[in-house]
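As structure tokens, one chain now follows by itself in the form predicted alone.
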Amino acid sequence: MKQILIVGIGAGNPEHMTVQAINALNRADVLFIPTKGEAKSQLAVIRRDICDRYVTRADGRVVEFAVPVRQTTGRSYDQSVDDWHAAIAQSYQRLLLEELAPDQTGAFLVWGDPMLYDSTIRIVERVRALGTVDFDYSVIPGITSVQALTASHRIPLNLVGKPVQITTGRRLAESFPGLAETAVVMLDGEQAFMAIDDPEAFIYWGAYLGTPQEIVLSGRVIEVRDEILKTRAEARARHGWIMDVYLVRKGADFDA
């Protein structure tokens, strides 16, 4: 039976690789590297660098494949994502049929951690549901952008004895600052932090975490939000893409 390894490779620094992840890549007969167009070519470059650094087996192959582009016109958010995942599943099915021999192992190199705001597991399950390829799979965790963010800012993720919410920009206003003292925001294309007017709220923002282009900014939201917005726009224009995450917080340790 074919085997698939879904390997978390960290947030951008090749040194984020765990020993477990390195061993997994060296178990694979085929390493699958996604490409997302010229603008995001650095993402593929970092994956290639990881393979060059850590893969020692001489008989392994690297197969690059184009990731379908998500279509949003005339679709709701949920429908656009569902259609996108279906298209990627078709690509994965082709890879497993054409590039992986019976009893071989293939590995997908996943940015960050496969269990946190990543859909590789969902897409692999879609391929299983198609019933055209007989395979099993394992998941290897990785360093998340949340860990990279808090490490760069030298802050703990949580306040003492208090919970943390991980959410998206579209849902941030539902819980922060009214219900959650700390919220980590991922997938925020609309910069939801701009709507936070609470003078006691702080933000810790980071982009391209773990890469040579890393940028981090922090401070009271109302004081630094315009600077973050400007910096983010300039960085996106310069690189052609941006990958950012931030933590917003109100309160302190041992507050009642």
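None of these values were measured; they are calculated from a predicted model. Just count from 1 along the sequence shown to find any residue number.
Heads up, the form predicted in complex with a small molecule isn't pictured, but that's what we're talking about next.
Selected contact from Leu187, Val55, Val224, Met194, since only one has a non-hydrogen atom within 4.5 angstroms of the small molecule in the predicted bound form: Only one listed residue qualifies here, and that residue is Leu187.
Can you work out whether Thr182 and the small molecule are in contact in the predicted bound form, taking contact to mean some heavy atom pair no more than 4.5 Å apart? Flag for Thr182 set to no.
Given that the small molecule is not shown alongside this chain, does Ile33 nevertheless sit within 4.5 Å of it in the predicted bound form, heavy atom to heavy atom? Contact with the small molecule, no.
Indicate whether Met243 is a 4.5 Å heavy atom neighbour of the small molecule in the predicted bound form. Taking the distances in the predicted bound form, the answer for Met243 is yes, it comes within 4.5 Å of the small molecule.
I'd like to check something about Leu116: if you look in the predicted bound form, is any of its heavy atoms closer than or equal to 4.5 Å to a heavy atom of the small molecule? Yes, Leu116 is a contact residue.
Interface segment, criterion being heavy atoms within 4.5 Å of the small molecule in the predicted bound form, picked from 216 to 224, 56 to 64, 203 to 211, 24 to 32: Of the options given, it is 203 to 211.
Could you tell me if all three of Ala11, Trp111 and Ser145 have a heavy atom no more than 4.5 Å from the small molecule in the predicted bound form? Yes, all three are in contact.
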